[in-house]
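Only one chain comes next, encoded as structure tokens, the form predicted alone.
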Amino acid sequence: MNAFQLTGKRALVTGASKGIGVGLARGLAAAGAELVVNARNADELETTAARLREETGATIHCEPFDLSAADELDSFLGSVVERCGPIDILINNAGRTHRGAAHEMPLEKWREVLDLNLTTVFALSQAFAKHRMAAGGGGRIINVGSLMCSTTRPNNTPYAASKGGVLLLTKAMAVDWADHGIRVNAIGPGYIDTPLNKALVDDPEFSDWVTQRCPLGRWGTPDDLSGTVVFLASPASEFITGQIIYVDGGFLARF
């Protein structure tokens, strides 16, 4: 269906050198989008981009940058637009976590997680919205949330707080920018087998808990998220904004 095609669109995907970011980038490229991929490590980013170019034939630009420098994100996006052209779709995927008991959580770690997972999402989205308003063409923002937009587990205080914030930030930005044709939504991945979750995947007890708790009986993969991100980036979701779609194998549906 043409409604799901992204030909002629350019998408910026953050945190795109590994894990979920690769799955999202692959899906967007397969749907016809030109990509601008971002991560901190330039070598890892170029390796991933080369692989995706070979797989999809897409045009892919690499823009390595540390997004935790929130005050510099407006100029970062401006330089990306100058080098690569206008950005139609922003995928806020970059994030980090730090696990530990709440009463033992160092404030510096709390700030690191909140700064990247929440403040950076707002600052880059703000820069993108101003860019799209100036261009007069609307746009799409897709934030990567988590099961922890709605619930939590022990020893995840800063991550849960940041992802809970992402959910309400998604709704707030959707309301503020609707008149400008900017749709803002989120996806909530379930337990996805990625390098970030390697310690959990490799823990037999935890991995068994995930597969038994998930109605579909397995860990998700980054590619499981690609269809949803294409849907939210495409004209097929024109009347959807301020929403989150959980891609979790039914995890949250099970009591």
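Everything quoted here is computed from the prediction, not taken from an experiment. All residue numbers refer to positions in the sequence shown, first residue = 1.
This protein has a second form, the form predicted together with a small molecule, left out of what is shown; the following refers to that one.
Distance check, residue 47 to the small molecule in the predicted complex, heavy atom within 4.5 Å: Answer no; every heavy atom of residue 47 is more than 4.5 Å from the small molecule in the predicted complex.
Residue contact check: residue 145 to the small molecule in the predicted complex, 4.5 Å heavy atom: Residue-level check for residue 145: yes, a contact with the small molecule.
Contact of residue 192 with the small molecule in the predicted complex (heavy atom, 4.5 Å): Answer yes; at least one heavy atom of residue 192 falls within 4.5 Å of the small molecule in the predicted complex.
Distance check, residue 18 to the small molecule in the predicted complex, heavy atom within 4.5 Å: It does: once the small molecule is placed as it appears in the predicted complex, residue 18 has a heavy atom within 4.5 Å of it.
Position in contact with the small molecule when the complex is considered in the predicted complex, options 167, 116, 161, 84, heavy atoms within 4.5 Å: Selected option: 116.
Residue (of 218, 53, 40, 61) lying close to the small molecule in the predicted complex, criterion heavy atoms within 4.5 Å: It is 40.
Interface stretch in the predicted complex with the small molecule - options 203-211, 182-190, 29-37, 226-234, non-hydrogen atom within 4.5 Å: Residues of 182-190 come within 4.5 Å of the partner.
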